[in-house]
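In the block that follows, a single chain appears as structure tokens, in the form predicted alone.
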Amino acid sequence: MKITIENKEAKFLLRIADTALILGQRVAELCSNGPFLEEDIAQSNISLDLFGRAEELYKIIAKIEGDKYTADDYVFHRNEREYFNLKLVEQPNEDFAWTIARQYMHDVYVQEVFSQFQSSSNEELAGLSAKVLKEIRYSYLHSKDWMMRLGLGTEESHRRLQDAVSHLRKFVEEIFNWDELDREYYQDCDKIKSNWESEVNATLDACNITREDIPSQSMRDYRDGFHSEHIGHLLSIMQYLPRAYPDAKW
């Protein structure tokens, strides 16, 4: 099945939906693998919120595109170059500090994104955003609390968080390389970037995490369907059953 997206708004929203889906898959990998029971449950709930957010966005995309495809089609029948998620969210769960740093950087970003979507001319997207912001707020408070606990905890927890932030920050630059779709469908691109930098820098300072200068990256942009080496492995697991048994009824 070759899935093509024609509408500009649908192409733009696909980026947001794919980012939620891929991060949801990454966080779902922690189910039964959390550091302790309460955190295992918290991560599982965050994952479910991300999957639910992605599904609703795919439904909106499908409607914009004339219902040519279903939400499941978008999820299970596209290859890696047809996904348009941030590279940040496809990075693996190297350890708990990586998981938290990745989630925090994402949460700060999407909190501003869905705040702007509340004023969207697309009534379904505006309505969804009010619900989504409550979920994002929970995830943001959770990830920020852990940033502080790890950064101000033991020497080992601080070192691990520093390593995570130093590595993951190189995947942030592409977020703010706005193109014409971003500038058309976001109310204020510059506000997204300035709010992200202000919030994240304040938190990193508070938990004694340094920010090394990161040279400009030569990586191709996620908006063109370019990814890190991790996305193929992730999709092979996520898409295996519906591709292996396309006629199965669940």
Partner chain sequence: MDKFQEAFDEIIEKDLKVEPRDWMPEEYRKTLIRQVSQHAHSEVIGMQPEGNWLLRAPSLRAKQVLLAKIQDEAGHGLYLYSVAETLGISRAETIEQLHQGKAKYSSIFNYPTLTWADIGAVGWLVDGAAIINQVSLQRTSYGPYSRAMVKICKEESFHQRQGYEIMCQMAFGTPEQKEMAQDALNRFWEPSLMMFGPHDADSVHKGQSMAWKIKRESNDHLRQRFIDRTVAQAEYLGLTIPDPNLKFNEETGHYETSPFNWDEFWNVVKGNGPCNTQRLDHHKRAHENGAWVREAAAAYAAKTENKVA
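As the structure is a prediction and not an experimental result, all values here were calculated from the model. Positions refer to the first chain, counted from 1.
Although not depicted, the form predicted in complex with the partner chain is the subject of the following passage.
Requested in this report: Heavy atom within 4.5 Å of the partner chain in the model of the complex: which of 29, 205, 197, 188 fits that? Just give me the one.
Outcome: Of the listed residues, the single hit is 29.
Report task. Give a yes or no on whether every one of 7, 124 and 181 sits within 4.5 angstroms of the partner chain in the model of the complex by heavy atom. Result -> No: no residue has a heavy atom within 4.5 Å of the partner.
**Report entry** Segment that reaches the partner chain in the model of the complex - one of 112-120, 169-177, 84-92, 153-161, heavy atoms within 4.5 Å
**Finding:** Heavy-atom contact with the partner occurs in 153-161.
**Report entry** Contact of residue 51 with the partner chain in the model of the complex (heavy atom, 4.5 Å)
**Finding:** Answer yes; at least one heavy atom of residue 51 falls within 4.5 Å of the partner chain in the model of the complex.
Query raised in the report: Quick one: does residue 224 come within 4.5 Å of the partner chain in the model of the complex, counting heavy atoms only?
Result: Although the partner chain is absent here, residue 224 would stay clear of it in the model of the complex, with no heavy atoms inside 4.5 Å.
**Report entry** Touches the partner chain in the model of the complex: residue 210 (any heavy atom, 4.5 Å)
**Finding:** Judged by the heavy-atom cut-off of 4.5 Å, residue 210 is well away from the partner chain in the model of the complex.
Query - Partner proximity in the model of the complex: residue 149 to the partner chain, non-hydrogen atom cutoff 4.5 Å - result: Yes.
Query raised in the report: So which bits of 108-141 sit within 4.5 Å of the partner chain in the model of the complex, heavy atoms only?
Result: Residues within 4.5 Å: none.
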